[in-house]
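Just one chain is shown here, as structure tokens, and it is the form predicted alone.
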Amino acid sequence: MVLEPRTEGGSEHRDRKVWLESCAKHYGSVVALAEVELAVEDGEFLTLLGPSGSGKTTLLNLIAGMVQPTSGRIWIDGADITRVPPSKRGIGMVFQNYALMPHMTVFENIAFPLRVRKMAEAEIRRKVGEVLDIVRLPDVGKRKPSELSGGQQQRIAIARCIVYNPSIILMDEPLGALDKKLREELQLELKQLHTQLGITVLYVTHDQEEALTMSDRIVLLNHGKIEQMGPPDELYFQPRTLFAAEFLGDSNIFDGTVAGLGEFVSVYSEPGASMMARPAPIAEIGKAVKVLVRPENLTLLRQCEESGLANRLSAEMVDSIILGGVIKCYVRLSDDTTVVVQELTKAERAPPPPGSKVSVAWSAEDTLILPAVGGMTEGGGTAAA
């Protein structure tokens, strides 16, 4: 089947690799997806991130053709493929459970999609050899999947996906079944493979670190809504909603009221102190807001230590946990709020013992104001997996 571009209803997204145009998906009275607009660039590594039930899998399955939208259209390379069957969309799929055929050798597993396409045997052998080299497993072709480790099986699943040169690869939590160390190794390998091949990748995960590590752009979903989308650093350093701030990375959140405007915004906080924060469009005198400070931007001060930083709160040391290269310190403010401080682990600077009087300090530049309730969202629409 040849996909012919449709030209009616011009749009700036028509030349994107993938475009979901006002796509909605209903299951009876349940709105699984509502009026989502999502454009994916050619060669982009785009991650759909969010908790269980946020809409990640629904979006992926719409693009794959596993489910049909209730309304709206799906475009790939300028062609309307909304009603095109999955096998005709030129899409590769990598699953969490590998989906390798246990009775076949590794070679035959990878060769299977080529045989379906009736490729010549000599060409099959050449292509299988090439992708085995790409995933750095050139000598396992005669083995069965059961003879490989979990990480090796996932590489073979990826090799089987890329061997027929799909223009888009969809990955549904492909590293979720692996242990932490192996998962981190394969994250880097997948990112390098993406750079090497230049294939468009749509990647589903609920792991924030995975999304921040691998993505060119993240689409954060929550309760059926596209909460925010953008580059990883934008979502981390400039979250637009409380959910985005709390889901991506650790966070300390304070309740506050805007008390003054100027070069920096003065916020009166619940712990009974004024904080200085970065300017924000939502800041209005007397308005209730949330104040975000990341743990790594806080400095833990012993008694009599000075910092010169704009913000400082007195506290009591509760506990500390060493996590290899970093240490997390938990302190309690006067209103019983627990604050987390993250610092580099240093043998010469052990954390104070529990019960010690301490302070936490941080700069105004590292203080972000967020809406107290709800907040801005980007992209409109809702989704639920």
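So that there is no doubt, residue numbering starts at 1 and follows the sequence shown. Only a predicted model underlies this, so the values are computations on that prediction, with no experimental measurement involved.
Unshown form predicted in complex with a small molecule; subsequent notes refer to it.
Chemist: What is the one choice in 66, 344, 30, 321 with a heavy atom within 4.5 Å of the small molecule in the model of the complex?
Modeler: By the 4.5 Å heavy-atom cutoff, the listed residue in contact is 30.
Chemist: With the cut-off set at 4.5 Å between non-hydrogen atoms, does residue 51 touch the small molecule in the model of the complex?
Modeler: Because a heavy atom of residue 51 falls inside 4.5 Å of the small molecule in the model of the complex, the answer is yes.
Chemist: Just checking whether residue 173 would be counted as a contact of the small molecule in the model of the complex - the rule being heavy atoms within 4.5 angstroms.
Modeler: Result yes; residue 173 sits at the interface with the small molecule in the model of the complex.
Chemist: In the model of the complex, does residue 206 have a heavy atom within 4.5 Å of the small molecule?
Modeler: Yes - in the model of the complex, heavy atoms of residue 206 and the small molecule come within 4.5 Å of each other.
Chemist: Name the stretch, out of 55-63, 325-333, 351-359, 35-43, where some heavy atom lies within 4.5 Å of the small molecule in the model of the complex.
Modeler: Contact-bearing stretch, as computed: 55-63.
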